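This document starts with one chain, in the form predicted on its own, laid out as structure tokens.
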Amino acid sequence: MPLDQYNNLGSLVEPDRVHKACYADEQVFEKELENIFYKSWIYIGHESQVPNAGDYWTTWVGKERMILCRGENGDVNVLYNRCPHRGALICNNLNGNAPKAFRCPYHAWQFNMDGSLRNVPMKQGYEGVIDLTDPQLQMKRAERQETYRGFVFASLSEEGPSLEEWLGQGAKAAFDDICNRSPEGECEVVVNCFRIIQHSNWKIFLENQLDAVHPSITHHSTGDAAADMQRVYKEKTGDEPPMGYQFLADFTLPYEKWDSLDTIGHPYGHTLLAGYMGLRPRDPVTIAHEESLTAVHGEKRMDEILSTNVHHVLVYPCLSVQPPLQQLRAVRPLAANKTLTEIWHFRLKGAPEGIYDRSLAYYYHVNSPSTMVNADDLNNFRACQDGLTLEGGGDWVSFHRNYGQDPVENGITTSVTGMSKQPMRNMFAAWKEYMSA
């Protein structure tokens, strides 16, 4: 359907509802790439993914193919994955190491890790024709590239706020919370990651991450089964069951518990869900973690770090981060009805190995492609997408719950209840600003 059927893209978003075209229209999706993914900051990867000179990973910003790589001087670079000679992809693998230089598989042009042209075969054919130092013959770098605490972002726009300004305190909390939990103040990625193709719009996934209404409905069977196994384990062994059971049993929490949580909306669409999991049992692993942090920061600061009240942070539009569990999901839109998500997890440098094991348990039990939790969500996502593509049945998606009731202070919105649709309204308010710019 032509875009001019709408008065403007902003008209698709009202304060308490949005038009289904925001999810189902391919032309709207193309405008999202242009106005959101090619102008804001998009997560590329973590510096620890490329520890050695010549290491590289390939990824996407919208439909653009990009390379994260480390040069001989130690610098991390973000390049377009395109040879300036004939346009071939320089790197066809997901990751690898180019010991000396990138080499185009088509005509063997060679490039340094900063994108500069290193050598070409039979270069005398260019003498007097074109200067091989000409910028158009170098691999193009991302228009802007910045790093926050080891997390690398790029923007394909030469203009706009800096990364720190764009993240603000709301989104920086995602990375500060992960890194601060390390006695060394740093984390490192554990390669590789899980990848899922979701047959649904990228926004449906992000909205679901902070939807406090659905867990006890969608995931109740998983939660009930885990709670039953907790009882069986304790009866048979007399010991407390592994924390992995509790990760799933938490989905049996009553509505009232979810409703008591806070969600907080920040500028640029970043949104936070407060913590609800008990991640500080009095077990040897947790005590050892507390001691390692206390040795560096003192007891007061240690308690502040481990009491940070965050479970989920959405770094809009590209990330879903769970800081206390060292998890990150990167969102790569492929089409209006198709989204790639990459699920990464991290190790805290200097922390007890058991803390990593806890993260790994959550990674496998909750976030992996094979879990019942993910299967439940993916089924809902596709059901929503299928319904939103129907011609009949209505044109609007409701975000009415607690509309007009969430307090706002200095541009930051705090939900009046945990089940308020504040996160969805906050993200779409940012969407409207991006799309109307």
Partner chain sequence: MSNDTTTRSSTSTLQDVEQFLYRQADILDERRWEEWLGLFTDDGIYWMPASADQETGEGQPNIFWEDHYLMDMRIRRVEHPYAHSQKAGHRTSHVVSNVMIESESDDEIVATSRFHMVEYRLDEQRYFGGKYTHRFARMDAGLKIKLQRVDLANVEGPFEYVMQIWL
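None of these values were measured; they are calculated from a predicted model. Positions refer to the first chain, counted from 1.
The discussion below concerns the form predicted together with its partner chain, not included here.
- Put simply, Leu340 is close to its partner chain in the model of the complex: some heavy atom of it is within 4.5 Å.
- Although the partner is absent here, Tyr233 sits close enough that one of its heavy atoms falls within 4.5 Å of its partner chain in the model of the complex.
- Contact annotation for Thr371: at least one heavy atom lies within 4.5 Å of its partner chain in the model of the complex.
- Shown alone here, Thr237 lies within 4.5 Å of its partner chain in the model of the complex, counting heavy atoms only.
- Considering its partner chain in the model of the complex, the lone stretch of 82-90, 109-117, 361-369, 297-305 in range is 361-369 [heavy atom distance within 4.5 Å].
- Thr222 is the sole member of Thr222, Gln327, Gln209, Ser292 with a non-hydrogen atom lying within 4.5 angstroms of its partner chain in the model of the complex.
- Note on the partner interface in the model of the complex: the residue among Thr218, Gln138, Thr286, Asn77 having a heavy atom within 4.5 angstroms of its partner chain is Thr218.
- Contacts with its partner chain in the model of the complex, taken as any heavy atom within 4.5 Å, map within 187-226 to Val190, Asn192, Phe194, Arg195, Ile196, Ile197, His199, Thr218, His220, Ser221, Thr222, Asp224, Ala225, Ala226.
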